[in-house]
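The form predicted alone is given below as one chain in structure tokens.
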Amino acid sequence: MNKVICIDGPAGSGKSTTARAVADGTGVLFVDSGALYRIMTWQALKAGVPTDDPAAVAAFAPNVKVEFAVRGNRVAYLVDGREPGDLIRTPEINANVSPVSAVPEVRAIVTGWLRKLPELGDIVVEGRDIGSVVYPDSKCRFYLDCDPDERARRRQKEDAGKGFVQTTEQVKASLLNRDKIDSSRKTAPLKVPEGAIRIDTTRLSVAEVVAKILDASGIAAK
């Protein structure tokens, strides 16, 4: 199997930014696992499925079809032939993705999709259970953590750039609520994978975090 770099951690810890930077610097393919759960949530909301009803979500999940394609140095997801873009990055999706992600049937489907992606090449995957469940045997597993206030500041700035206006305190409350749901769910909870390298990104630059990951993974920058 091709090499898999796993980067787990809570929202706002820098997973996506770091994983993209690793991909940019090495040529491996960037994989955003969270986008697949967001696609599930987006499709459920479009279909009128109550996201707080696990049985309804479980019954609906097999209807979601996603195609995978390599676009530059990333794996793109296509629904009905198109990438969803920011349609899966709205506050509504943010508020509903955790209960959808907690449904075992949803996690089984997404895990199955993710495990096929190394067929496309070496990948760097960011998420919440990548090193603990999806690729527990990978030799390159990392967990990024960060102070909640800093996480909220980063996410608020990111959302503002997309036109979603929320206060930092509102964003922080949303992040902490998601942390609680993700870490307490019975199926594939958010946790530090056994044997993973933990990195606190609060006061580190992206370049510093990437350097730590490349050094530990034995991957050379291109």
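We number the residues from 1 along the sequence you see. All figures in this text were calculated on a predicted structure; none of them were measured in a lab.
What comes next is about the form predicted together with a small molecule, which is not displayed.
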message: Can you tell me if residue 97 lies within 4.5 angstroms of the small molecule in the predicted complex, counting non-hydrogen atoms only?
response: yes
message: Using a 4.5 angstroms cut-off on non-hydrogen atoms, would residue 107 count as touching the small molecule in the predicted complex?
response: yes
message: So in the predicted complex, is the small molecule close enough to residue 42 to count as touching (4.5 Å, heavy atoms)?
response: no
task: Indicate whether residue 154 is a 4.5 Å heavy atom neighbour of the small molecule in the predicted complex.
output: no
query: Would you say all of 143, 195 and 198 touch the small molecule in the predicted complex, counting a heavy atom within 4.5 Å as a touch?
result: no
- request: Look at the stretches 143 to 151, 99 to 107, 68 to 76, 115 to 123 and give the one with heavy atoms within 4.5 Å of the small molecule in the predicted complex.
  value: 99 to 107
